[in-house]
Structures are given as C-alpha cells and as structure tokens.
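Okay, here we've got a single chain as structure tokens, the form predicted alone, with questions on binding and movement later.
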C-alpha cells in the first residue's frame, strides 16, 4: 500500500507530545513490513536536518499566492516531505499563534499539492487531529479532480478538546471552499467551522487512540460535544490502542539506566536501578517503595488526587519521585512538599529524558490517576521496565492496565480504580503498598508488567487491517 500521513508534528524532527510519537512509530512499523509510507509535516525553523528540495509549489488561498518549498528526506524507510514557508513556520515553536488556522490551512493545501505530484495516488491518506482535518474535504469537494478517485481517508482523533474552531470566513479565505458547506452543516459545529468535525464527516473511517476512549467519545461527557457527530459515523469509528517504541524503551540495552536487565534478571536489575535513583535524589530509605510520576503537571493528570495521596504515602514511610513541569501553582505545591519531607520526596521541575528512563526503571509504582486520558504512554513505559502503574481506569489506562484484585496474579500488571475520588486513590495506593511487602507477589506482578505487549507492532497490525478493509470498499 502507498500510505501518506499528514500531521503537524512527527518524531524525530519535531515533537510537543504524543501525536509525534504515534505518527512516527506507526509509520516506522508499517515501513518495516514493506509498506510505502510518507509523512507530510511543516518544516519548522527548529528542525535541523539535511534535506533535498524537490518541489516549489504555488498555492492559492483566496487572494494570496504563497509558495510551498517542499524538502524530502528518507529515514528508517519513511519518506518525509517537509513543507517550508518562513512566514508560517519560522517561529521557533509549533503552536499557539493567533494565525494557527491559516498556518495549518497552508499545510493542508500543500499536502494536497504534494500528493498531486506523485506518479500514483496514495491508497490511504491518514490525517491526524484538527490541523490536517480539512484535507479529506478539500480533496473530495474537488469534483473535477479524478487523481484521488480510489484513495481512502482515515482520520485519527488524538485529543477531542482541540476542535479547530474558526470563523465561517476561513472556508473561502483559506481553503477556497464554498459557504454552502457551512450552510448545509457539513463543516459547522458550535456555530463555527470545525476542522476536526470536518475530518470526522469526510473521512472514510475514523479512529481514536484506545478502545475505551472510542466508547467515551460516544458520550456527551467524554466527547467535548462531538458525540452526536460521531454517532452518525458510529459504524465507521474504531479505537486502536497506541503502542510505545520498544527500541527507545528497552531495559536490556538502555544506556540511561544503572543496570540493564531482562526477564531473567529483572529482580536484580530493578534493585540496582532503585538504589541508583534513591542516590540521585538523596533519599535514604532503601527498604521503602518508590512511587513515581513522569508527567505534565496539569489538572487533567489528577493532581487534586495526587497531593493528598502523597502525604498519606510519605506518612507511611514511602518515597515519592516526580519529574515534570506545567501549571505554576502545582509546581509550587511540589516544592513545598519537598521542603516539608526532604528525606522522602525528590522532584525535578522540567524535563530530562535520561532521568525519565532512570525513574521508570528504578521505581516500584507509577502514579497516573488521570481525570481523562485518551491513551496514555507513561503507564506502558512503566510496564516495559517492570514498574507497576496505579491508574484511574479511563481511556487507554483502562485498556492497558489489568488491575490486581487479589485473585489474578497470573494476568494482572498494575492497579486501577474507577471513581475519581481521594478515597479511591488512597485506597488503591495503600493496597499497592501492602503488595510491596509480599515480595514474591510483587516480583510476579512486576514480571507480568514487563511481559505485557505494548509494542507498536501489535497496534500497526490493527491499523493495517483497517487500511486493507477500506481498500476493499467500492
């Protein structure tokens, strides 16, 4: 199959979050099974790579005639097309500008123009989130263009909170589309144009990043208002759990951790990494469990549950290690806790990739009590290093963590609770602490976590089945 991904970011060239991981990892695994995969992303000024200029394309945005300089680079079997226009992408950052609607309209128009240069049209065009959401509409409404007549479109919702809402004027002013698409409701949402809703309406199949989040998106509470739109496409809507990059997160050859380990020496490896982690944060009690977080410090991640639980755990003698950055008030609460309990709490405000690996490898438990979590990667990375996640069972957290209930030691790989409450959070942490004292059971669950298959190979195979099923449709 000839597959083209269109997104606002992708590793290894630009990343602000999990979107870049998904686009890259899915593409890499598809390339590994000899699929013809390309990725179209902006050529941000922060990208530093040697690339070949292959196209100089004039685009039309109503009265504007901007040009897209398109650079090509091949890496790990993937062909990247980097769309350069300094007016839109030479800003030193990816998002957050007043004209983001225009910037990503330019990317969308450029993506269509790039694919029209190919000798053969793509079999699958896979667009990600609101930034590229108008592309299926742009192509399907170009009625006289038969180049894409056999192309199928997949749209993936990574975060329903960002819906690409803009004034009706963008249809003609940016996309050269008629106002009738707004008037007939095809692109209208909340009395504006929504590029995310447009992606849902015009894609041949819609996916999201976990089976449970798929179900949540069909409810008013979990969809940010998109449930009615998605209900209309319910039979063309699936949830596929994301994976993690097993090459990047591999305890058997991870250069960032104190001691490499595999399933045969996991107990010894976990102990060595735990001792190194305690030393790095100057925490003294080697017998106490480490509960850790590697996270954005924001309300979505359940910090109103985390802080009371941390106090309870420290009072039981546990160690807490947190790496992350985000909302200032929450950061200051962490600083206050560290000053109050310097022998039991270690924090790092900011992000440090090598340190994150050390925390995953050296912790006993990993806290992730999110209010909502479409997929989540932290819990999977923790499992990869034999660390047991403690999660609220929402979205991908529910799909990837099998709660230990006292009777399922052969299959469980973490701990979970349903109700978003301090009581449930504290109760679950206390139960995990009680398991910590039963070393044989703890080691069994740790091995279960280590052996959990969260690879992108598994996820890629599900996407591949989706693509192939689409190509069978007339």
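Note that the rigid core is defined as the largest set of C-alphas that superpose within 1.5 Å between two forms. The model shown is predicted, which means the values in this text are computed figures rather than measured ones. Residue numbers count along the first chain shown, from 1.
Another form exists, predicted together with alpha-D-glucopyranose; not displayed. Remarks below refer to it.
S.K.: Given that alpha-D-glucopyranose is left out here, which of 466, 460, 14, 19 has a heavy atom within 4.5 Å of it in the model of the complex?
M.R.: By the 4.5 Å heavy-atom cutoff, the listed residue in contact is 19.
S.K.: Identify which of 85, 159, 227, 151 has a heavy atom within 4.5 Å of alpha-D-glucopyranose in the model of the complex; exactly one of them does.
M.R.: Exactly one residue meets the criterion: 159.
S.K.: Looking at 368-376, 87-95, 134-142, 381-389, which one sits within 4.5 Å of alpha-D-glucopyranose in the model of the complex if you count heavy atoms only?
M.R.: The contacting stretch here is 368-376.
S.K.: Taking 4.5 angstroms as the cut-off for heavy atoms, does residue 242 touch alpha-D-glucopyranose in the model of the complex?
M.R.: Yes, residue 242 lies within 4.5 Å of alpha-D-glucopyranose in the model of the complex.
S.K.: Test of understanding: in the model of the complex, would residue 209 fall inside 4.5 Å of alpha-D-glucopyranose by heavy atoms?
M.R.: Contact check for residue 209: yes, within 4.5 Å of alpha-D-glucopyranose in the model of the complex.
S.K.: Can you tell me whether residue 325 touches alpha-D-glucopyranose? I mean in the model of the complex, with a 4.5 angstroms heavy atom cut-off.
M.R.: Contact with alpha-D-glucopyranose, no.
S.K.: Using a 4.5 angstroms cut-off on non-hydrogen atoms, would residue 233 count as touching alpha-D-glucopyranose in the model of the complex?
M.R.: No - in the model of the complex, heavy atoms of residue 233 and alpha-D-glucopyranose never come within 4.5 Å of each other.
S.K.: Could you pull out the residues of 273-296 that have any heavy atom within 4.5 Å of alpha-D-glucopyranose in the model of the complex?
M.R.: Only 296 sits within 4.5 Å of the partner.
S.K.: Taking the rigid core as reference, does residue 299 move its C-alpha 2 Å or further between the shown form and the other one?
M.R.: Yes, residue 299 moves 2 Å or more.
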